[in-house]
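As structure tokens, one chain now follows by itself in the form predicted alone.
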Amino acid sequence: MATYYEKLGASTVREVVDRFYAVILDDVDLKPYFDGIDMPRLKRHLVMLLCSVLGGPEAYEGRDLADAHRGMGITEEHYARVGEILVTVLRDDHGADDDLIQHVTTVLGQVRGSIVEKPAEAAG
């Protein structure tokens, strides 16, 4: 049985990451999180992470997710928006199937606590 990585393809993972960050950096609420960030380096890390999550041969060797995101003040709302962007890029731009989307969504749920620092502001 093919892994999600094999189904999607190595070059597609890189395309997904490029498109993902293009959308993120075009979002007025999310863009500030990336001010001063070395984007080529960040993209390489996300390619490795996504390949690893999808069952590819690349091992993620970046920082621990909690360490990498500590002090950024990422809210539940912004985390959810980033997840939606990733799912949309995978599904709509690259034809990922429902099983792959469910797998990615599950992993996003598993790592949420390592990335989100504070709840979204209550609407009032």
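From 1 onward, residues are counted along the sequence shown. Everything numeric in this text was worked out from a predicted model, so none of it was measured.
There is also a form predicted in complex with a small molecule; it is not shown, and the following applies to it.
- Proximity of 2, 59 and 100 to the small molecule in the predicted complex is absent: no residue of the three has a non-hydrogen atom within 4.5 angstroms.
- When contacts are judged by a 4.5 Å heavy atom cut-off, residue 78 counts as touching the small molecule in the predicted complex.
- Using a 4.5 angstroms threshold between heavy atoms, residue 94 stays clear of the small molecule in the predicted complex.
- The small molecule in the predicted complex comes within 4.5 Å of a heavy atom belonging to residue 115.
- Using a 4.5 Å cutoff between non-hydrogen atoms, residue 87 does not count as a contact of the small molecule in the predicted complex.
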